[in-house]
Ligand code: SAH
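Before any questions on how it binds or moves, here is one chain, the form predicted alone, in structure tokens.
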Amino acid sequence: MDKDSQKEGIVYIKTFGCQMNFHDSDILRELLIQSGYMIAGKPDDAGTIIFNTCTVRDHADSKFYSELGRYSKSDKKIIVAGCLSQIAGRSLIKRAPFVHAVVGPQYLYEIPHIITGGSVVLTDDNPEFYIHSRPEIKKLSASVDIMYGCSRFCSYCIVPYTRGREISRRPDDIYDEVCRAAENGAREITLLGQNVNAYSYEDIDFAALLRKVAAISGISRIKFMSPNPASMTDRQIREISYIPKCVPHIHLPLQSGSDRILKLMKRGYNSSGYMKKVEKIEKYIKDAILTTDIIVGFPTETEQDFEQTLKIVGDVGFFNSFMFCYSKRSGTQAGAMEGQVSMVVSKERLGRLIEYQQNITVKKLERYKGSIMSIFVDKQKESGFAGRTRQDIVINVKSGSAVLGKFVPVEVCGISKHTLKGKELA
């Protein structure tokens, strides 16, 4: 192997975006190792840089292009993968001629071969992607993708154009992958999908899949991201309540509290329908906490629309919210709508929403002070450790040496932003 080939064989992966992207990067990392590549801990040590990109918001695009620009005169081999690649295609090469390859999400498994091959742009549909077997990933908390893409076409969302239409994986393949993860030390499984609770393969729906995964020995906790309220059924809610391994933390994206805006977004539910889902969750799932996603400043959003969002946030009392200003995405229906809200107005509303949510979060965290809670230890630090409660609330413990993957009792002694502080009990 010549000197240049040796250098290209050391790879650094930079990931942007959602949990699905980070899971894709985990898969890519294992594929590269199996193919004889070395993984660098920092870009300076690598001869090949792979960017796994996101394009869900303009900020993600800007962040990536800013990072990419640093390598315009570098001798490193640059590969751009992920969702932005799918949208940009050949235009990315025109914008940055130093890029070696542009690879859409469906060509993830081809990247080890692309590094040593010629310059390519791969963004066509790739049916073979869905039948690839997954490499074994040894993690205490493992993620498993159960479906790809989305067919809902919310008017603001770019995902159906970057990851394609909804396709569910074979339940036996998912089962086998979770079994392998458990054998490799996983104690927590997160089921992933763009619209995860729309999973359906022949006679197996999402509720049945949860039951199938829960039967696997060694798995103590089951989580899933992200469900759509329009796909959330009473049967799913009851099934979650019946399975002790299911973490009673439901992330249920609201996006807006205004029925008019929800209709423009094409979300498939209205505010009263959403609240009925919340009521069912609170009725059936013991000690459930809810988190959500909210978009502020969607086209034509008025102050009255925004106040309706604030009202639902207060009525539900979300434990936390992921809150963003609307980001115009070219090619989506919302991107072509008239009545785009100015960023000045959007940021002002977002500031109010964040403050409102933070006050709710603090009040909810305060209630846990002095309580004794069992936590799943998932992180060790130089001094102390961190873990998650049954509802997936993070508790940081300053001192102690609890074993990863074990459940230990702690006393809650304080709060810190969105997490709790605790002390280990003897």
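For clarity, every value in this text was computed on a predicted model and none was experimentally measured. Each residue number is its position in the shown sequence, starting from 1.
The same protein also exists as the form predicted in complex with the ligand; that form is not shown, yet it is the one meant from here on.
With the ligand omitted here, the record of contacts in the predicted bound form names 324-332 of 274-282, 203-211, 324-332, 184-192, defined by a heavy atom within 4.5 Å. Under a 4.5 angstroms non-hydrogen atom cutoff, the ligand in the predicted bound form has residue 57 among its neighbouring residues.
In the predicted bound form, at least one heavy atom of residue 255 sits within 4.5 Å of the ligand. Although the partner is absent here, residue 112 lies well away from the ligand in the predicted bound form, with no heavy atom inside 4.5 Å. Contact annotation for residue 156: at least one heavy atom lies within 4.5 Å of the ligand in the predicted bound form. Site annotation in the predicted bound form: the residue of 236, 228, 141, 308 reaching within 4.5 Å of the ligand with a heavy atom is 228. Of the residues given (250, 295, 80, 178), 295 alone sits with a heavy atom within 4.5 Å of the ligand in the predicted bound form. Contact annotation for 257-277: a single residue, 267, has a non-hydrogen atom within 4.5 angstroms of the ligand in the predicted bound form.
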